[in-house]
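Below you'll find only one chain, the form predicted alone, shown as structure tokens.
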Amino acid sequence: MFYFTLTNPEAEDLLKEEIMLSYPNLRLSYSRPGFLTFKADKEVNFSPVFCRVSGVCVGKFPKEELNYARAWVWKREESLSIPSDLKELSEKTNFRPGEKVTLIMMVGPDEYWVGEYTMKPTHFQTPGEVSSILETESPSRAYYKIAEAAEAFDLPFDHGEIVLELGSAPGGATQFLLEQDMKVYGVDPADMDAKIVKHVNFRHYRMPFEHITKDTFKQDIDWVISDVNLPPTVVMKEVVRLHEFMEPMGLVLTLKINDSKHLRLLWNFMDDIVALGYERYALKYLPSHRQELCLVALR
């Protein structure tokens, strides 16, 4: 039995360590940057978090044997050119949540692997789980992370809701939130982008987020969002503290997982979320991620 994973090169080491921790009987098999396969002696419930998508690896096939009525086609590198017939097949194919996806993975010139996985509601409608968010001018790539999270989880952002953004500078995520007609309280001692500062629905609190108290804000907070470049232990400790005097309806947190210690603590963080009263929560590796994960929690 073989399984495949598609991930971003920056996360490969974390993915391998996750496999060792969660699937100790699996062994790394064939791999290329961004494409890793693992061998198992028996079937397992394979669903690692440090990859965009994973599933059963059917095998490697010559192009003439790729005779599928429905399939998506993904290429490992932009320099690769997908044959026109496979490109046409991919473009006309759609999959719905709950359906089995057939994914043709073009790993190299004339090198094709086939994988299968079940489409989840949080999967993107794109081959290989590449981002569907259009390029835009933004102060930082945090824009794409919150935009991808909003699409993957169908986040119920609503007009006029108040977002507390921890570590908001320079304003990538803030820009996306303001585009949703939300009000953003950005807490960060660093400078915000000039066009963000001028926005009528933004207020900058120039201070460390550890200084937030129950008297800092005059209105209730609907969402807490963070893409701060600090260890996840620091972020989670602060999120727990904030819940002593606020009850947001949702959290969207980017957790920076830079070493094995934090990887091993992931499920402790989930316990923290449950203790805070959130009924729905999930982790997802987004297309724009490097060594990080998105944690979403909703009441």
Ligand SMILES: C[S@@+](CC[C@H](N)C(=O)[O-])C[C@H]1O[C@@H](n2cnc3c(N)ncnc32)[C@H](O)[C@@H]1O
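Quick note: we count residues from 1 along the sequence shown, nothing fancier. As the structure is a prediction and not an experimental result, all values here were calculated from the model.
Quick note: we don't show the form predicted together with the ligand, though the next part is all about it.
Shown here without its partner, the chain carries Thr233, Ile257 and Leu283, none of which come within 4.5 Å of the ligand in the predicted bound form through any heavy atom. Within this chain, Glu78 is remote from the site of the ligand in the predicted bound form, having no heavy atom within 4.5 Å. The ligand is not drawn, but in the predicted bound form it has a heavy atom within 4.5 Å of Gly171.
Though the partner is left out of this view, Glu179 does not reach within 4.5 Å of the ligand in the predicted bound form, counting heavy atoms only.
Interface residue remark: Gly128 is not counted as part of the site for the ligand in the predicted bound form, having no heavy atom within 4.5 Å. Out of the listed residues Ala142, Val163, Val73, Ala149, Ala142 is the one that sits within 4.5 Å of the ligand in the predicted bound form by at least one heavy atom. Only one of Pro156, Gly108, Pro83, Pro208 comes within 4.5 Å of the ligand in the predicted bound form through a heavy atom, and that residue is Pro208. The candidate stretches are 113-121, 87-95, 216-224, 134-142, and the one lying within 4.5 Å of the ligand in the predicted bound form by heavy atoms is 134-142.
Of the residues in 182-202, those that come within 4.5 Å of the ligand in the predicted bound form through at least one heavy atom are, in sequence order, Val187, Asp188, Pro189, Ala190.
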